[in-house]
Each structure stands twice: as structure tokens, then as C-alpha cells.
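Just one chain is shown here, as C-alpha cells, and it is the form predicted on its own.
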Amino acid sequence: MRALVLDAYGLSPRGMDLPKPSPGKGQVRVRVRATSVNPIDWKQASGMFRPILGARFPGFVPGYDLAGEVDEVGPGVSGFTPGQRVHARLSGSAAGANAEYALAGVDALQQLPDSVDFAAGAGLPLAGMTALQGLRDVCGLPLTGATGRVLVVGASGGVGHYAVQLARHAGAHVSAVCSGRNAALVRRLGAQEVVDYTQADAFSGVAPFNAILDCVGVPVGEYLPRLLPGGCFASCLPGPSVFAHGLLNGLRGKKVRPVLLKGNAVDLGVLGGLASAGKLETVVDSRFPAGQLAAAWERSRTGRAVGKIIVEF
């Protein structure tokens, strides 16, 4: 099979022929049709996460999000058959999505609805589950019948554009922080109020919030005054200040919590169901052929992608 590999830390993967991986117990081999780029992919490849998320060289195949078709099932696998359309967020640090074939554990694998194309299926796992778990599990926002005001910071990005839709679908009043050039998009996705962070008085006249989902890593202290007592600030890119503020502000009635993704098939099924019903759209920023993975990473590194970056096999 053809795969994109790295033999050392860096951002220039090369094409290489590798043997097809054989599925073990509880695993499925997937014929990959599309993957999506997340910042963790190029950060791991560059060595930025070396202490906590290393890579095995030579022949490291990067990438975690994929969509494709079941090619072969391993021992003890039921519920999946060859030819079935699926998508997954691969677990562990071995990655492996950017290849013609990849192995996925059944605990992370979910059927892809027929109405959802491979690009959307590849875009949903990490970003969609992060948005879902951040709003539902960390901020306590129910999937339906929600009340209150939710602020999504970085609303036009990969995680943010899903969060806007999920919060609005839940019933919350949604405000979105993005640049003015993306205001029309986030309004179309469900934001009732847009805060243009490029303006000096961006939050002038904006009421405080019950929940803030930070998708880009903003300074916690700048946003806590915009949080109502008893509210929750959830960070998808938690640094030391998130944990420090979490201890301090817990005593002041405001929660500051990290969003730590727990990839699983159940949540992926929730997202797929919403997408199939036309209630969750994957906005595609750009598409790259597999041989241009380095260019796809470079697009992600600009921080200006709107929605998801897709790599197609």
C-alpha cells in the first residue's frame, strides 16, 4: 500500500510503499478514502509533543481522523462487514491514517451514514467530538432543551464551527467570536450574535455568558469577566493557566476546565446522526491530494483555515 511516512521529526512526509497492516483482535482494516488535518498531527510530527506524544521511527505514518470502507475484520469483530462505510478517530500515539489502509479498533469505529460523504466523515471525529464533549460534558449543556448564553471563541475553525451548530441545536443562545470576514458563515451555522475580535470594542454591549468554549487558546483572564457566576469556561487548548485558574476560580463560583478528548464510537454516532439529519454541517476549508499532506499541514499552521482541511486518497 502507499503511505505518507516520516523517518524523523519534521514536516516533510514522503510517499512510501508499505505492507498492508493485518487486523488483530478487535480491529478492522479500513480502506482510507479521506483524512482530515488537525493541529495535533503536525505538532506531533514536528516533535512539539515529544514528551507526551512521541512517534515511532522510521516509517511513522501520521494522522488520526479517517473515513473509508471496511476492507477486512479481525478476530472477534462483529457488526462490521467488508465494503461498509465507516469513520474513526484512531487511538494511541501510533496514528496511521495517512495511508491507503489503516487499522482501527472497534471502540473508535462508527458506521458512516450514506448521506454523509467521506470528506465530512473524516472531518467529524476529533473536531466534532471535542466540540460535543466540551459543551455537553464539561460545560453541562444538554443536547436538547438547553437554555442560557454560550460563547464560542474561534467559531469559524475546525472545532468552533461544529460547536456553534451543536450549541444552537441544543437550544442555547449562541454568540461567536471570529473575524468579520467569517461573520456571515457563523451566522449561517446558527450564531445569533457575532463578536469581531479584530475590533477594539468587540464586546461592547455584549451580555455575559453561562458557558464559554475556547477553541483557540485565548488568555483565560481576559474572558472570565464575561462569565456569569456559576458559569463554565472550557478550554480545548488547555495550558498551565487553565489549571491554575481552575483552582482559583472554583472558590469564586466560576468553573475553568480543560476539554480532554475521549474518542469513542458512541459520540461519533451522535455526530453522524446529526449530520445525516442535516443538523450538523462540515465546512471544508480546502482539499488536498494525499501526496500534498505537507501543504495541508502548512495550511493548518497558518491558523486561518475555516472549517476542516481534508486530504483525499
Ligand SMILES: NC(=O)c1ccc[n+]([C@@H]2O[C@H](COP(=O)([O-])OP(=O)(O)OC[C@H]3O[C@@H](n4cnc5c(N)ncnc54)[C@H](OP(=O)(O)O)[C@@H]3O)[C@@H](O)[C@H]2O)c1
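All of these numbers come straight from a predicted model, not from anything done at the bench. Just count from 1 along the sequence shown to find any residue number.
One more form of this protein should be noted, the form predicted in complex with this ligand, which is absent from this view; the next part is about it.
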(request) Pick the stretch from 301-309, 7-15, 287-295, 20-28 whose residues have a heavy atom within 4.5 Å of this ligand in the predicted bound form. (result) 301-309
(request) Classify residue 52 as contacting or not contacting this ligand in the predicted bound form by the rule of any non-hydrogen atom within 4.5 angstroms, answering yes or no. (result) no
(message) Taking any heavy atom pair closer than or equal to 4.5 Å as contact, tell me whether residue 210 reaches this ligand in the predicted bound form.
(response) no
(request) Considering only heavy atoms, tell me if residue 197 and this ligand come within 4.5 Å of each other in the predicted bound form. (result) yes
(message) Since only the chain is shown here, I'm wondering whether residue 165 would be in contact with this ligand in the predicted bound form (any heavy atom pair within 4.5 Å).
(response) no
(request) Identify which of 105, 96, 154, 231 has a heavy atom within 4.5 Å of this ligand in the predicted bound form; exactly one of them does. (result) 154
(message) Pick out the residues of 215-239 whose heavy atoms come within 4.5 Å of this ligand in the predicted bound form.
(response) 215, 216, 236, 237, 238
